[in-house]
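Here we start with a single chain on its own, the form predicted alone, put down as structure tokens.
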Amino acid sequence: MENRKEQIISFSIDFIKKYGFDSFSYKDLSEAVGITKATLHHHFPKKEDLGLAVCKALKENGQKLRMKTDGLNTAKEKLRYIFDDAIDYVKRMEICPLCSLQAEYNVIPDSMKKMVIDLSEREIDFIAQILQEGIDEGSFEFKGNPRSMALMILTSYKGSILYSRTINGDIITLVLQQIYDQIIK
């Protein structure tokens, strides 16, 4: 069974995926977790402390994702796995928690900004690494370098998640298929 701090962080990530970091209060969180606000403040005295713990958890989640994709055989399989994960966010009417924090960059504390920058760079590097693997395998082909293509992929699919929240239709699947068709050799 997960401990109380992990439970609080998990609920916080859920709130971030649905509403954003700045859009929930300790009252909202304490009610969802089933604890008093005092208990919540005991574990995380300030919302900034909670935000830092969330960023740390997101970093760990990213490392777990890397481990899962490392177990896949080809770059195509790795990219498809990541795309399927993005589609799952849309099905649950959520957005990527990092995307949510990136959208709130101007209002989050400076200590969190540093972590969001680090998480963003790690995400770009991760996708670029998969793209480079695809080039090396001979299964991917595209103009530009893997980092630039990673940026295009990330901004396209994260944007499609946001559009999917407001416009009916399967926007994310169309966008991801277009990306896939553009880079698969």
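Note that this is a predicted model, so its numbers are computed, not measured. All residue numbers are counted from 1 along the displayed sequence.
The next section is about a form of this same protein that is not shown, the form predicted in complex with the DNA.
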| property | result |
| --- | --- |
| Whether K158, G169 and Y180 all lie within 4.5 angstroms of the DNA in the model of the complex by heavy atom | no |
| Contact assignment for the DNA in the model of the complex, among K56, R66, R122, K46, heavy atom within 4.5 Å | K46 |
| Contact label in the model of the complex: F15 to the DNA, heavy atom within 4.5 Å | no |
| Non-hydrogen atom contact A150 with the DNA in the model of the complex at 4.5 angstroms | no |
| Exercise: K185 in contact with the DNA in the model of the complex, heavy atom 4.5 Å | no |
| Contact test in the model of the complex: G34 vs the DNA, heavy atoms, 4.5 Å | yes |
| Contact stretch among 137-145, 46-54, 66-74, 124-132 - heavy atom within 4.5 Å of the DNA in the model of the complex | 46-54 |
